[in-house]
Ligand SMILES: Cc1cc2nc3c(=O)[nH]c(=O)nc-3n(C[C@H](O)[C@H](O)[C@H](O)COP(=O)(O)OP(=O)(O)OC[C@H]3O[C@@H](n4cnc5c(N)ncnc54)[C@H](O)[C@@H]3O)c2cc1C
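Only one chain is shown below, in structure tokens, and it's the form predicted on its own.
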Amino acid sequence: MKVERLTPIEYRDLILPQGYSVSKESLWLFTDEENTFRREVRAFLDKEIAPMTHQFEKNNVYPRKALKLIAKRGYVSYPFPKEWGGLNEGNGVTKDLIVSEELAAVSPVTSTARVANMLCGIPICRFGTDYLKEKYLRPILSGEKIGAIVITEPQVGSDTARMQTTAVRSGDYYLLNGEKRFITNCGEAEVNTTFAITDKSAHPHKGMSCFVVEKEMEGFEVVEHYELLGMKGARNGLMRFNNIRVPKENLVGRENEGFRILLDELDIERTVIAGEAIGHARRAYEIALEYSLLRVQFHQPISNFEAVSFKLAEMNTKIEAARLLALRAARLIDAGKPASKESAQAKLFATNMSVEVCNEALQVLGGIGYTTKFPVEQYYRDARMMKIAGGTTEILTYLIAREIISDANKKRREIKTSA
């Protein structure tokens, strides 16, 4: 049957309810309660967050209002226990994975800021005193305060153990000095979970500590906000600590156990970043799919051509596969099981997939995809960051290889011993 369309397709012409491309088979992997939760999240985001996202991208507006609404709704609280304002009922990371995917599909920059906010609270929750939880964690979960996780430095990226920021004990305080960069929520966060070296004489694995640093402490300086390729509206920048007097009560965990605290949050971070990457890819795919049904060339929808339909098939398959990997990692973490390899695999695959899918979605749209008439170009730019944040693809590949080789050697030794 011939289909004619004489006017150019506009973004408003697309019928795009959130997540309409998610298959029933994929949802079957989640519980009924989790699927109900997903629908509730979608409805809330469509009503409350989607209308304000245009200003984030076009006017470089930090999404503080959106973050407060999300926190008040409880969408920062699922990895945390109820006694401190959390909502974890045994599947907290899985629910956070759902929130990450759904929010990233609506507003990537809000999702990135939300994840940084949530990750700020993980070390405080798992290792902090009741005093720290009451003073800092509870306000983060309620939306009263914004948080940041402060690790990376100008000379230290993936090799976090070699950080140069120091904290020296002086009476009832630690004197904090150094620089941190590529910090999400830089300058916006009132609460900064910060890692520094407290024993230069020890190996960095045994000489690092974790502190809660307030933006209002004297000596806290935001040096620069970076202009980013994507994530317009984000606040990512360089901060400097000039002899900040951090109260000893703001030490998270014990002195010199900071490296263990740092590693502890990485599995959750990588899993929820995988969820964000899925959200970016899913939305770009949904736009490309709907566009292909309406765009007519040679008297028929371009979805009829294998050059397009095969792209759509591969895009859909990659998204579903990424969701499976991320869900496996989330389930393991919720069960209290080790998930270092699984979370790394989820992030590695999902972030690579997201860039590939967004690229192919742009190709399906052709020339109009390269313009700002459709948001696919934005998702493409936003997705690219995720291959760097939370562990680069190269580092994750190395970690996965190390894990599988270690496991293989262990099994070989067991077989040799039992023979």
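In this text, residue numbers run from 1 along the sequence as written. Quick caveat, the model's predicted, so the values are computed rather than measured.
Just so it is clear, the following notes concern the form predicted in complex with this ligand, a form of the same protein that is not shown.
Taking the partner from the other structure, this ligand in the predicted complex has a heavy atom within 4.5 Å of a heavy atom of F182. Residue contact with this ligand in the predicted complex: I9 places no heavy atom within 4.5 Å of it. For the chain shown alone, V93 is not a contact residue for this ligand in the predicted complex, no non-hydrogen atom being within 4.5 angstroms. When this ligand is considered in the predicted complex, G369 lies well away from it, no heavy atom lying within 4.5 Å.
In plain terms, the part of the chain that comes close to this ligand in the predicted complex, with a heavy atom within 4.5 Å, is 153 to 161 out of 296 to 304, 198 to 206, 153 to 161, 167 to 175. None of Q345, S292, N236, N250 but one reaches within 4.5 angstroms of this ligand in the predicted complex through a heavy atom, and that residue is N236. In terms of contact with this ligand in the predicted complex, the residue from I149, I124, L141, A189 that brings a heavy atom within 4.5 Å is I149.
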